[in-house]
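Here you get one chain, nothing else, as structure tokens; it is the form predicted on its own.
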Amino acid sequence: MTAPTTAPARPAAPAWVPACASHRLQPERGVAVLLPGGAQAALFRTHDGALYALDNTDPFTGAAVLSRGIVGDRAGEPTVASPMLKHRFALRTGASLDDPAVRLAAYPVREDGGRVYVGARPL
């Protein structure tokens, strides 16, 4: 008797959380998105139309405020500065530009049918 063979499990596709209507997400302004399990993402659109989502909690203060942060760039890298202590984070990766040991979770983002969606799980 041989054991049945099974295909390796494929990673599940991310569940997408509807965030807002596309026209409501203004460039350089963030919005907070409640994710399953109570986590929050800070969602941003930059002036070039790119979409980014990071963990909304400032790791230096514990406050859920990054969606109210100041969007900018450092040497062409899109960033957000926390409104609390002005620590900056790369929007593409979540890496802190002020402390290399600190990193925020980055979430997938997509736009479809006039709506913006954030992935329920980080990248």
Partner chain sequence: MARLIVIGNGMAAHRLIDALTRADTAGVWHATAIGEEPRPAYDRVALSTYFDGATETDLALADLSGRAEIRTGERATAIDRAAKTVTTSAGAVLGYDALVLATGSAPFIPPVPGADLPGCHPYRTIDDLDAITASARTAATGAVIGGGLLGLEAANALRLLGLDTHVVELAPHLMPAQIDQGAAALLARMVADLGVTAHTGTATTAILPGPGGRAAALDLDGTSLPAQVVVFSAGIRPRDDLARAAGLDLGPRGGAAVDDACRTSDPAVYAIGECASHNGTVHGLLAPANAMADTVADRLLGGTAAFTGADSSTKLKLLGVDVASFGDAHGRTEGALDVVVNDAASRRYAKLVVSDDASTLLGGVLVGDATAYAALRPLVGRALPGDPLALISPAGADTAGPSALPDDAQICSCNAVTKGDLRAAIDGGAADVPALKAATCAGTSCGSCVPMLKTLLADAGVEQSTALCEHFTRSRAELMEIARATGITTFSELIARHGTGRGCDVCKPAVASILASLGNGHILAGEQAALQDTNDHFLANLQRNGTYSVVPRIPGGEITPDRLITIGEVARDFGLYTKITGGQRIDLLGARVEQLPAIWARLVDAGFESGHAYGKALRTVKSCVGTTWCRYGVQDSVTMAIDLELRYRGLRAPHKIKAAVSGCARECAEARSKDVGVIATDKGWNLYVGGNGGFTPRHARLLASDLDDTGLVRCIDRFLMFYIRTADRLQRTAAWLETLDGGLDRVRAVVVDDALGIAADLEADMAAHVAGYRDEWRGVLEDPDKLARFASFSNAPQAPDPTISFTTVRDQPVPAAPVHLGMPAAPART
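Everything quoted here is computed from the prediction, not taken from an experiment. Numbering follows the first chain given and starts at 1.
Note that the form predicted in complex with its partner chain isn't included here; everything after this is about it.
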Triple contact flag Pro18, Gln40 and Phe60 to its partner chain in the predicted complex, non-hydrogen atom at 4.5 angstroms: yes
4.5 angstroms heavy atom contact with its partner chain in the predicted complex for Ala50: no
Its partner chain contact in the predicted complex: Val71, any heavy atom under 4.5 Å: yes
4.5 angstroms heavy atom contact with its partner chain in the predicted complex for Ala90: no
Proximity of Ala95 to its partner chain in the predicted complex, heavy atoms at 4.5 Å: no
Residues from 83-109 in contact with its partner chain (non-hydrogen atom within 4.5 Å) in the predicted complex: Pro83, Met84, Leu85, Lys86, His87, Arg88, Asp98
